[in-house]
Ligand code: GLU
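Given next, in structure tokens, is a single chain: the form predicted alone.
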Amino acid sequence: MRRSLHFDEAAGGAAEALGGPSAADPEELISRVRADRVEFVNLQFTDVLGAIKGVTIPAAGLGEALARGVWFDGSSVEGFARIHESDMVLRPDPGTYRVLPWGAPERRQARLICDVQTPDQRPFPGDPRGVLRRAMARAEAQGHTYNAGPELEFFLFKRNADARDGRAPLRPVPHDVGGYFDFSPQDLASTVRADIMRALAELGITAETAHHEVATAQHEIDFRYCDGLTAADNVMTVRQAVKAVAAEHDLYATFMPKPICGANGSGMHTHQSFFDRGGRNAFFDAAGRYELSDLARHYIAGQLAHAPALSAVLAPTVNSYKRLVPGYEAPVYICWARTNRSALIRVPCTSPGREQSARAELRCPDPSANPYLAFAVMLAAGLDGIERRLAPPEPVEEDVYHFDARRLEEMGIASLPGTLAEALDALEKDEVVRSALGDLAYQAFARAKRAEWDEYRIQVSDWELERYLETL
């Protein structure tokens, strides 16, 4: 087993000190980099599909990068620019400085998350991080800070022997036989999860819980809620950390929504709330139904109203819709509730003295989503409900999976799209969600996802060959 994780209390303290997207002093940051003995700095950003991109610079070049940014060719990045307008600038966010607790200690690396600018130093409108900044600015103009707490699920697999030497494609080979909340001190998965939590702590992320999930080889990491931009940054960091730590244990991690047929898929349930300028949770009202304020109810109504279009961004792959089927704890029907986990939106209980935890949990997102775009459209849909003072329908506290078509129609419960193509059609017709993305990001996202669907629909699968080749 390869072991190159290195946990450094000094570096971890630096991460905590600079935690969150604050405007840290550049000179202070440069001094911190020297003290941490960092040799290289990765300048990271995210493309429209949610993939991490970036460029590595020597630590000695950080001052220049902070002062003037770093130029790159945007025409080579999905959704960024056309060939005749390719020059773009990475502007590092000093508050996202983290020392990476993996790799060779003698070649220590750190990372900075960047915003993308045009050559005239304006925010690039197609930058996913900028899309979320714009959505949060709308909420802030109304006196609200948008908070999000994602729950990331993933699978840990062994590499099949044939895939190691390139003779066969990678297959999902479970590394354990555990189930929900199963625990054994001798279980490799417990060791991997512990190392993930230690790595996240060094990266300034508080992992509140980590546990085995329902499916074989499936796991979940929950981290503390924070403002939406920091939460999206954290999702990208957690993905990177989980994969890096898994590789150190000769496993590979995947955030593919449904890697195993007949088993539960992986979600990214997202808890959401608004805090007002006084630091109070604006979603809480002791006298309201489920202890929710009118503002929270309007917010929920907005997300229910735009749920079909939201699906394209929150469940953005062909594979996502193999997860969104009845019977596997993933939501299919557009309704809300408190105790009913088959509902699209759930309102967790708040105990006395914990009013600040009032929130709405949206259960359809999965971890293949670009978190910047996902949180932006979720927020935009909720804000639309607030601005139009929409009222949610009556909550449904029964297991909706057991309803037949007639009962669903009687209760006015619609379904999420059944395929990526249907979700993209809904997105195309939804002006609120499209506007939240902005024209550049929407066009790039829709173009890439239509191409994904077209490529998928013309494939001849193993299932088709087994079912039809000999019998027809």
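Not measured: the values here are computed from a predicted model. In this text, residue numbers run from 1 along the sequence as written.
What comes next is about the form predicted together with glutamic acid (GLU), which does not appear here.
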| query | finding |
| --- | --- |
| Glutamic acid (GLU) contact in the model of the complex: P128, any heavy atom under 4.5 Å | no |
| Partner proximity in the model of the complex: N147 to glutamic acid (GLU), non-hydrogen atom cutoff 4.5 Å | no |
| Interface membership of R323, glutamic acid (GLU) in the model of the complex, 4.5 Å heavy atom rule | yes |
| Heavy atom of N264 within 4.5 Å of glutamic acid (GLU) in the model of the complex | yes |
| Contact assignment for glutamic acid (GLU) in the model of the complex, among R297, H269, R111, R108, heavy atom within 4.5 Å | H269 |
| Of D384, E213, D93, E202, the one that lies within 4.5 Å of glutamic acid (GLU) in the model of the complex (heavy atoms) | E213 |
| Segment assignment from 352-360, 216-224, 388-396, 371-379: heavy atom within 4.5 Å of glutamic acid (GLU) in the model of the complex | 216-224 |
